Each structure stands twice: as C-alpha cells, then as structure tokens.
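The chain below stands alone and is given as structure tokens, in the form predicted on its own.
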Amino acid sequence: MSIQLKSTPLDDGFRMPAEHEPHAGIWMAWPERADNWRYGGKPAQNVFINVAKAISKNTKVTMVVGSGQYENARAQLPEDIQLIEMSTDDSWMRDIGPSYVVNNKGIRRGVDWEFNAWGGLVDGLYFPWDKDDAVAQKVCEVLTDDSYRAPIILEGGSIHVDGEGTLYTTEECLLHPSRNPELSKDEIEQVLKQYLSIEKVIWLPQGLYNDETNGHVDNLMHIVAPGEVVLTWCDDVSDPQYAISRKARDILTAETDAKGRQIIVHKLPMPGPLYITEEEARGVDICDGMVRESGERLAGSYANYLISNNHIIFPLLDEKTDQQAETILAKLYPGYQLSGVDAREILLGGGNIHCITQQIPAV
C-alpha cells in the first residue's frame, strides 16, 4: 500500500540520489501519439525497444503502455521487460514519472510534481495532459512506495542533482511564465530544497537552442560525478548554440558546488545541426502545440544519455560526431559499459534517451 504524505522529504530526512547511484529499475512509456511520433509511432516504437533492450543488460526495465497498444507492445518486447497497462498522454517518463528520494534507512519515496505538458495554456505542447499528470502517483502505487505531491509545476528533465546537495537547472525553464509565474526565483529554490533536500541551486541561463521544453538542463549537460559535469559544446561562431554553451561554461567554472568544490567542465560535441526532413514531417499528424515541419531545427544532444548501474546508454545522432562523443564518454566513465542507440526517431519527437527514461533507486 502506498500513501501520499503531507510532510516534505527534507522534514522526513530524505534526499534525491544522483543518477550514478545504484538503480533497482528504469521505467519507460510506449510511444503512440500520432501528432508527435510519425506513422503512428511505429518507427519510434522500434527505437524505444532498442533502448529498453540496451538498459535491460544491467537494469530491470518496466514499460507502461495504453490498453490499445498492449498486445502490440507485448509481442515486440523481450519477455524480461515488464509491461504494465497505464494511460498516458505521451511517452516522456523522465518528465511525467516520479523523482525519487531516499533515506539512510533503506526507504525510498516518490516526489510527484505537477505536470502541464511543458507550458500549460501558455505554450504547452498538447492538451489535455491529465493522464500524464497522474503517472507519477501510479508508478509509486505499483511499487508500493509512499509519495509527496509537490506544490510546483516541474518536469524531471529540468533538473540534475549530484546526490551531495547540488542541483543544476536553467532559468529559461524554471522561471518561464508558463510554469510557476506566481513564484519568485528564491521561492522556487525553497521548494526544491524542501522536496529534494538540496543545499545549492546552480542556475544556467538557457538550455539547448530550439528545445521545445523551454530549455531542459538534461539536454544541455549531465553530471559525471559530484563537482564534474559534461556540457554540449559548439565551435561554430555563427550558430546560436555557440554563445549559449560558452555562457553556461563560464557560469559553471566560476561556481562552486554545495560542498565548495570548483566544478570541472568537460565538452561534448554538438551533433549536426540537425533538421527535420520533408519525408519525416510528412508522417506526423497536424498538431496545435508541436512543430514537426520540414526544416525545423532539432535539439540534438549527446548529453541526453542515461546512467544506469555502471552502464551508459547514449544516443547516436550524427555519423560525423558519434564516435567522438563515444570516446569522450568512455574516458569520463572508465569501467562502465557503453551502449550507443540510433536515436533520431526519439529526437524527432522532441527529446532523447534521458527524456524517455526514469530511474528507480535501489535501497
């Protein structure tokens, strides 16, 4: 049995662990939304299967799927991947699933953020989003973990934590008028401190160029270890990403983390720039919120990878830079297994491997 608590994780002695800490499982959600995923999600489903297979080498994978696609998903997924019927509006488990917190007594609990499809009625990507907003609590109930309903609109991909008191995010997303316009920057920080038990927030101005999530931090950078991050880097002066990445680096290198460490910044090459092709755009149903037109720039990033149980699952996006990205990740994670997955179909839907996965910490 699982209950929704009225206290806060900070009051109860819980903290959000870093992604590189041990996992009991990874949750994903099956793609089928025809106005986001081309051809009814069929090409994307193949890639989600490949991502799930890669993760399952080291970590148990649970896939949630709507009733209409249950038999199709079960027929295509390996037997060792657990399938659970659950309603969703789309398939971004990072943003709709719970952010987990743990204590030192071996107990874990979920943090259930309010979700409004990346912008609500201001600039949200679809309406309604009530099924997605209900997912986090359902996951906690399936796992019989108690949860906290946080009083703030937030997506899991908009934050990174190092497990030792530091949280990274972007002003572009958390201070966007479509999220929590009634709250000041300081008030948002207080909520993050209460619900994740972090001590310091490092604010970067912007996320990746043309990221329709209003600049999620997980598409710009990743935490390698406490005091050490990897950042999407662009060397083309004429590219809008050039200035964004440099500003982020300048802030990161000038900052110290919650433990007073100077932050080490490693560079990951930016793929592309990549654009939606005419053929790819043709397969997507018309939508009010999401731009899936030929020539639209895609927010491609190698930083959008998943760490799970000494295993890096990263996107393959551009044959000109894939090998370079893999070499850098192998150097940053010695002794880790590396699995590259051709992830363009996920990118066409607006995100990547980190966005479609949510870890459940081992306790």
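Quick caveat, the model's predicted, so the values are computed rather than measured. Residue numbers run from 1 along the displayed sequence.
There is also a form predicted together with 6-aminohexanamide; it is not shown, and the following applies to it.
- By the criterion of a heavy atom within 4.5 Å, residue 280 is excluded from the residues contacting 6-aminohexanamide in the model of the complex.
- In the model of the complex, at least one heavy atom of residue 36 sits within 4.5 Å of 6-aminohexanamide.
- Contact between residue 95 and 6-aminohexanamide in the model of the complex is found at the 4.5 Å heavy atom cutoff.
- Taking the partner from the other structure, 6-aminohexanamide in the model of the complex has no heavy atom within 4.5 Å of any heavy atom of residue 16.
- Note that among 8-16, 336-344, 350-358, 21-29, the stretch whose heavy atoms approach 6-aminohexanamide to within 4.5 Å in the model of the complex is 350-358.
- When 6-aminohexanamide is considered in the model of the complex, only one residue from 212, 145, 133, 164 comes within 4.5 Å through any heavy atom, namely 212.
- Checking 292, 108, 138, 249 for any heavy atom within 4.5 Å of 6-aminohexanamide in the model of the complex turns up a single hit: 292.
- Annotation for 98-126: interface residues with 6-aminohexanamide in the model of the complex are 118, 125 [heavy atom within 4.5 Å].
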